[in-house]
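Shown below, as structure tokens, is a lone chain in the form predicted on its own; questions about how it binds or moves come after it.
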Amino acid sequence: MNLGIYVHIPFCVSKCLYCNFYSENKLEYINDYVLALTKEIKRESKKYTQYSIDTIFIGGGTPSVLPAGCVSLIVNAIKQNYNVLPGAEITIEANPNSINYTNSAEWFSAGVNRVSVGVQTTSNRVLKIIGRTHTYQDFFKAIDDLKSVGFKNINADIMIGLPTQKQNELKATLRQCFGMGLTHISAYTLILEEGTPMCGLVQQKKLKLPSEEKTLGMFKYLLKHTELNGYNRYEVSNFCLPGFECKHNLNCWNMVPYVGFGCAAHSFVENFRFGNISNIERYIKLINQGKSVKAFNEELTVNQLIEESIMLNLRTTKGINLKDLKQKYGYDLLKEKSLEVMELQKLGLIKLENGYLFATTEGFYVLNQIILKLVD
């Protein structure tokens, strides 16, 4: 059985105004944290001897701020203690201004074969407004450095609906990503999270978001031009050239088990969801004392597993494998939700083909409402 590994690096030089992920500017703890992290990776390995590792994802935070040698140390700790399959997808997230030739070469040498670069937009004006510390020029140089050491699978994270963002700025971002020959584009619409600085600034009317109509127009432009440039939409927000889907994320959406290491890392294994504490100093201390760093451990009920499976599968363009859903959980979706399915079909929001139920392009715009109808 396959298992994915997620490694959380909770360090950022500065926090973006919209971000609600756990990260801190406590760079003085990096070396101690990485050593503790490798201890956790090794310590937990005995629980997963029956699994083969097909994906590794180093996320954050900003993994690219790690000093020289740290990524190699982490990847080697995994390879030495787990059955990592040949050709396993190994991804690292990185910010443009912390990518250079030296660390790119280290990652490539360590076996990393996919890099996800957080550009968000190539408009220097908008980057400054949202609190990003890089420029478009940094992004261009980062891609050049990554390619020069041998990386062929490079993703750009971009965002839509940013404060004061205009459609021509999105057009420029896409044009530059296409021109660089990037294999994957993740395009997320800004969601204002309570408690983030950006949410406060918008509420105080110090920042203005584009209207829903303008944001929708930007997303429709993105859909059209990714397709015209050969990128397949395989998930709500993800587009790739043929054969370059992110396997790690696809596995998560298809409920394949994964285990997370590091502060605030979450896991899903054998119908249990569990996660680590969100405190760097405490994490280091407990690991060094040989103690547990678990913050919670919850066994999902059959109903919860059914709901999660429906919700996550519907994020993909392939959709829900109705036969698998019935075999795994004894749940016949077409029988249990026949009226809802017929209504959604009549509205043109879902389709049924070859044993799969999936959202149409129009359905993806109201995906949350579709999910509520099918799991309520």
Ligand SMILES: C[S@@+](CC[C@H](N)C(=O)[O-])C[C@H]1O[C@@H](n2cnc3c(N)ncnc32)[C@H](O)[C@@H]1O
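A residue's number is simply how far along the shown sequence it sits, counting from 1. What you see is a predicted model, and the numbers here were worked out from it, not measured in a lab.
Absent from the display: the form predicted together with the ligand. The rest refers to it.
Engineer: In the predicted bound form, is there a heavy atom of the ligand that lies within 4.5 Å of any heavy atom of Glu193, even though the partner is absent here?
Structural biologist: Yes, contact at 4.5 Å.
Engineer: Quick check on Tyr188: any heavy atom within 4.5 Å of the ligand in the predicted bound form?
Structural biologist: Answer yes; at least one heavy atom of Tyr188 falls within 4.5 Å of the ligand in the predicted bound form.
Engineer: Hey, in the predicted bound form, does Tyr18 get a heavy atom within 4.5 angstroms of the ligand?
Structural biologist: Looking in the predicted bound form, residue contacts with the ligand include Tyr18, since a heavy atom lies within 4.5 Å.
Engineer: Within a 4.5 Å heavy atom cut-off, is Glu169 in contact with the ligand in the predicted bound form?
Structural biologist: No.
Engineer: Pick from 27-35, 303-311, 54-62, 334-342: which stretch has non-hydrogen atoms within 4.5 Å of the ligand in the predicted bound form?
Structural biologist: Result of the contact check: 54-62.
Engineer: Could you work out which of Glu235, Glu245, Glu93, Glu106 is the residue within 4.5 angstroms of the ligand in the predicted bound form, going by heavy atoms?
Structural biologist: By the 4.5 Å heavy-atom cutoff, the listed residue in contact is Glu93.
Engineer: Report the residue, out of Met159, Val112, Val293, Leu182, that has at least one non-hydrogen atom within 4.5 angstroms of the ligand in the predicted bound form.
Structural biologist: It is Met159 that has a heavy atom within 4.5 Å of the partner.
Engineer: At a 4.5 angstroms cut-off on non-hydrogen atoms, which residues of 214-240 are near the ligand in the predicted bound form? List them in order.
Structural biologist: Going through 214-240 in order - heavy atoms within 4.5 Å of the ligand in the predicted bound form - there are no hits.
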